[in-house]
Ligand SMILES: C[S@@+](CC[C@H](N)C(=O)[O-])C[C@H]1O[C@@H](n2cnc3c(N)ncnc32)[C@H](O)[C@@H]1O
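As a starting point, one isolated chain is supplied in structure tokens, in the form predicted on its own.
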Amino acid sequence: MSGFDAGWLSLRAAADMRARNAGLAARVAAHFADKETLFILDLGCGTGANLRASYALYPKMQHWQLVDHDLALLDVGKQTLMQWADEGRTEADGTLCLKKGGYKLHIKFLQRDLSRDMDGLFQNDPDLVTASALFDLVSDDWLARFVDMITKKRCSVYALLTYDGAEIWQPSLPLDEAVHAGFLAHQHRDKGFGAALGPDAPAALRSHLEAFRFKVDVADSPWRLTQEYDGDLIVALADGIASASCESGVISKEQAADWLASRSKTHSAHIGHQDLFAAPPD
């Protein structure tokens, strides 16, 4: 499967944190309020940002399994989590035992290619499967298999920051429409799971879950970027969009360079995402 380096994940971390829908997060917390312990499976975990952003929503005792195909990201995640915690130790099997505030977290790390090995991830019967910025990378066939698995295991799902295709850049530029069309086309390319859902992912995920009678709650979680606070992220994002659009053949290299030069100085950008929480039927 395709991946992202630690630099990009670090660059987007603050925007991701701001974008998470607080209302939906509160409903997730309420759903698990009566549990004393929670077993959580985090897919495509990167360096553990999803755990750090959401741990306070869950019960005081948590058991996490963090899964990513990139061993380097998992190693960075272990170091980052140890530095983030108030107290921490590593057990002989590599499990991190951390304390953060009044929370106790037991964290295992697993290197897996999610495109090929899904069944083995659910052996511990997690209560919750969570992922951030993952589902727009997967194919509809993969998503169908995923939902079938969580239906059998009766897991809840908390999917964050799934790209929905909405973009508003200010000020607007004549090339915006063409660049966006090329980028959306590129989003459907194979990211290691088959033809990617890209911006169709939020609707597809909801449809598959509702077909199995999950109770689904969806909320917007857009990036709201400004030059003042997110200048480096805007430059990196615009660079990636321009390159992807050019690779799709919709714009030329010269057009991509012109658009990028202007967009790197953009005042603001609204990049659409959605958060979703789904609980299995009673």
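Residues carry their position along the shown sequence, with the first being 1. Predicted, not measured: the structure shown is a model, and the values here were computed from it.
Quick note: we don't show the form predicted together with the ligand, though the next part is all about it.
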Among 9, 44 and 69, does every residue place a heavy atom within 4.5 Å of the ligand in the predicted complex?
-> yes
Answer key, the ligand contact in the predicted complex at 4.5 Å (heavy atoms) among 209, 114, 159, 105: the residue is 114
Taking the ligand in the predicted complex as the reference, which of 183, 169, 193, 163 has a non-hydrogen atom within 4.5 Å?
-> 193
Would residue 242 count as touching the ligand in the predicted complex under a 4.5 Å heavy atom rule?
-> no
Even though the ligand is not shown here, does residue 205 get within 4.5 Å of it in the predicted complex, heavy atoms only?
-> no
Spell out, yes or no, whether the shortest heavy atom distance between residue 250 and the ligand in the predicted complex is within 4.5 Å.
-> no
Evaluate residue 134 for contact with the ligand in the predicted complex, applying a 4.5 angstroms cut-off between non-hydrogen atoms, and reply yes or no.
-> yes
Would you mind picking out the stretch of 173-181, 125-133, 90-98, 145-153 that comes within 4.5 angstroms of the ligand in the predicted complex, counting non-hydrogen atoms?
-> 125-133
